[in-house]
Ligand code: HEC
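The form predicted on its own is given below as one chain in structure tokens.
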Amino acid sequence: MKKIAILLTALGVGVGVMAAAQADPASDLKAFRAYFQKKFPTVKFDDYANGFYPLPGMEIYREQWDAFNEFPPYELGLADGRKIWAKPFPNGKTYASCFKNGGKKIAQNYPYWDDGKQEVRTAEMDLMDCAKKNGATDKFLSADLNKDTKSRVQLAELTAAFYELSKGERVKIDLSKPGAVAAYEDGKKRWWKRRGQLNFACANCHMDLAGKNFGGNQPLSAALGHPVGWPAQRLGWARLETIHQRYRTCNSQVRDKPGKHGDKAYNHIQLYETYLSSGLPLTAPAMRN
């Protein structure tokens, strides 16, 4: 921990570039994009959809990433997810029956605000509800996804198959309802809040330190584009994982107690950072360092 503290002091981490003050989402989006345009003027907007690999100084990692993507390691997990997606439920229906367009070209609108249920809905939530409604008994429907890695990975694989049907579609999040704006503001507050023994906010890593190597082969991505590649497979994990599992590991890394997979807090953070990636193409499932 002392080593990390020294590194942070040397890098001058401070989250002073953008205050988390109240502002309308459209103004937040404009300021967010302007920040990264100024920070990385040579990086094209669409390239942010590929994580930290297009950032200056990451050329070696980009070469490795290009090589991995010739035969993406996540293909095995994605193949399993496609099987789950296509497998008939006990009543003969499939997941496609629960979604508009059979699930094609709609993932770019997730997560979304459900005015009837008064909550943010993620793709995982809709997929699980679809399965339950049609009599499925898959273990991930009842398992503790914080502890049961196998069940959580199956859900990630299914979600990856769902997102693959919208790959390349551009993120468009609807915040027209008051409830959506309230959830967005809550996610914003949580995203900027410092937490844990390291007193870190999401912005410390993905704003202040974006494009830097945190030591130990831990290059940090920009916040812009972060959610569009999930579910993703990280080299260290060697499996597809959900974005909520990524949030949980981030909390652990700053010595904070992780929330539960599917927590409302994580749903709101996902809504906030996905809105701030509006206009970027979905790249999920993807390979990440």
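Numbers follow the displayed sequence, beginning with 1. Note that the structure is predicted; figures quoted are calculated from it, not measured.
What comes next is about the form predicted together with this ligand, which does not appear here.
Only one of 58 to 66, 218 to 226, 26 to 34, 39 to 47 places residue heavy atoms within 4.5 angstroms of this ligand in the model of the complex, namely 218 to 226. The partner is absent here, but in the model of the complex a heavy atom of A201, alone among C98, M125, A201, L165, sits within 4.5 Å of this ligand.
The shortest heavy atom separation between Y112 and this ligand in the model of the complex exceeds 4.5 Å. Using a 4.5 Å cutoff between non-hydrogen atoms, H261 does not count as a contact of this ligand in the model of the complex. For R234, a non-hydrogen atom is located within 4.5 Å of this ligand in the model of the complex, even though that partner is not displayed.
Taking the partner from the other structure, this ligand in the model of the complex has a heavy atom within 4.5 Å of a heavy atom of I269. Taken together, F140, V153 and A160 are entirely out of contact with this ligand in the model of the complex: none brings a heavy atom within 4.5 Å.
Residues of 140 to 165 placing a heavy atom within 4.5 Å of this ligand in the model of the complex: none.
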